[in-house]
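Shown below, as structure tokens, is a lone chain in the form predicted alone; questions about how it binds or moves come after it.
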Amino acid sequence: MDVMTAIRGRKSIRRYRSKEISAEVLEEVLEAARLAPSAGNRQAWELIIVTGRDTKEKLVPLCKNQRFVGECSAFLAAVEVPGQRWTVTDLTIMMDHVTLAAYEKGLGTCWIGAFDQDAIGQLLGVPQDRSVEVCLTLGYPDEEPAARSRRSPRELFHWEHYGQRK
């Protein structure tokens, strides 16, 4: 699969099949994370992979009661390394690599924007000097969301100077 096929095909998945991800597939997806570019190649992030049912269930109320958090095969929590510039940018790039690699492997993902940072950090044992910045669900889709409309290139892109359109 080429990258544009993955970009066009990937959708946010909020219903997952009850199916474990094989170690081989999960390792390949995590390798995409490891290979993601980062400022100064510092890789100033760490990733917590949660596959245990009990812990995923405990995450549901910490993610504004989004039930699919407890139903996914794996929950990923990206942890910021303190004192590094561009960490949030770097871990966001890393997670985007995960979403595309996951799609190629037949997995679905959903970015979790609504979550209690401190409570998740505490549940997952994150040291006090670090914080969970981005979360993502991962698993085998049990839905096929329709493509959503996107703004036109003319609305989004400016050439050379703000307000200059093609």
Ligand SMILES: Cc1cc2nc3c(=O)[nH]c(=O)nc-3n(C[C@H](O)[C@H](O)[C@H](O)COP(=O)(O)O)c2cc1C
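Note that residue numbering begins at 1 and tracks the sequence as displayed. From a predicted model like this one, the values you see are computed outputs, not experimental measurements.
The same protein also has a form predicted together with this ligand, omitted here; what follows describes it.
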> Does the trio Phe68, Trp111 and Arg148 actually contact this ligand in the predicted complex, every residue with a heavy atom within 4.5 Å?
Replying inline: yes
>> Within 4.5 Å, heavy atoms only, which of Val50, Ile120, Val134, Val29 is in contact with this ligand in the predicted complex?
In response: Val134
> Would Arg15 count as touching this ligand in the predicted complex under a 4.5 Å heavy atom rule?
Replying inline: no
